[in-house]
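Take a look at this single chain, the form predicted on its own, given in structure tokens.
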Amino acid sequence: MIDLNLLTDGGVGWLDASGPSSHLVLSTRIRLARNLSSHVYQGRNSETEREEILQSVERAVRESVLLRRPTRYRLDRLDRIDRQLLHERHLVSKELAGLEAEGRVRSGASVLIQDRIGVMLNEEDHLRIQGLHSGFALDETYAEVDRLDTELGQRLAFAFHPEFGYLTSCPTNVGTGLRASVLIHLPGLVLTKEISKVLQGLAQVGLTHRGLYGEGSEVVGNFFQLSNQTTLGSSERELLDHLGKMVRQVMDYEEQARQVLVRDAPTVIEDKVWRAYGLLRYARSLSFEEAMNLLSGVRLGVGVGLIPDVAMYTLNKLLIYTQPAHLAVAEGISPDDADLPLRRARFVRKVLESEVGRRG
């Protein structure tokens, strides 16, 4: 079993709800796709070449400032449950962790992590430089990622075209190679049935939405990842400004929807919130999806001031620690164990009972 204590805050410092607008936005992530000009792109390169990429990047990392002493995980040498743990903490992508249908981990697949930044190696591209912050923090996250990109770019020759920009394995990432996203909680828009209109509007202005774990994942617990869809034709600053402007509008719409619910349907919203809280406090069996939806209801209650005794940080932690791999490791059972829903319900009850007692 991997030792996640080697990571600062276990790699989940972004859960602490300390960032701007953290009652709505759980986290901000920025990734930069980069490839080494001297190596064949993924999908056509050999195991030997992927090892050479890994060694080249690790040498450059040791000479950097921001990532000089990283924690390193070779995903191609980890058991599936360890890879799933890293994925559940949003530290690696599903593809890098080999959690897709075929379950294959690419040789040389690795991640280097230090504090809030890191580099995924031998994913779809040679490097995916990434940063993850609490709350709505596009500028702060990009500043760190950009600095690391500069440090590594001084030591590595990135594939770059004077007209098209950074060259990537997938044409949709060519240009800046930047993918910025915010993980935002939108129960008000879902309950007022305005969410489809908002998401359609985002698509019309070049943004896209995904589920809790990005591309290919389903929306659970009313959490949406909103991100830029294009990387070519605009500068990094323009892409971030556009995403920031649109996310702020969505946040305004969500706040308005919550106000409408509290004003026009107070009994309905109170019943939904307290029913969710009651089920979490006393249920004896919870599926992962059910737990996420109930936590969404309680999170809404905390956000509008109906539930005073539960901290947002506690709800954020439950979002991670009730997932299959985390719960299985904590309970010493398999993620496929039939008792997992029972263990999940017991774990949630214990956390909420402790929270109410501590704050009461």
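Please read all numbers here as calculations on a predicted model, not as lab measurements. One-based numbering along the sequence shown.
FYI, the form predicted in complex with a further copy of the same chain isn't displayed, but the following is about it.
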Even though the partner isn't displayed, in the model of the complex is Phe164 close enough to a further copy of the same chain, meaning a heavy atom within 4.5 Å?
no
Though only this chain appears here, would Tyr277 touch a further copy of the same chain in the model of the complex if you measure heavy atom gaps against 4.5 Å?
yes
Tell me, yes or no, whether Gln259 is in contact with a further copy of the same chain in the model of the complex, where a contact means a heavy atom of each within 4.5 Å.
no
Hey, in the model of the complex, does Gln229 get a heavy atom within 4.5 angstroms of a further copy of the same chain?
no
Hey, of 180-188, 81-89, 124-132, 267-275, which bit sits against a further copy of the same chain in the model of the complex at 4.5 Å between non-hydrogen atoms?
267-275
Picking from Leu286, Ala97, Leu148, Ile113, the single residue whose non-hydrogen atoms come within 4.5 angstroms of a further copy of the same chain in the model of the complex is Leu286
Counting non-hydrogen atoms within 4.5 angstroms of a further copy of the same chain in the model of the complex, say which of Glu140, Glu236, Glu290, Glu194 makes the cut.
Glu290
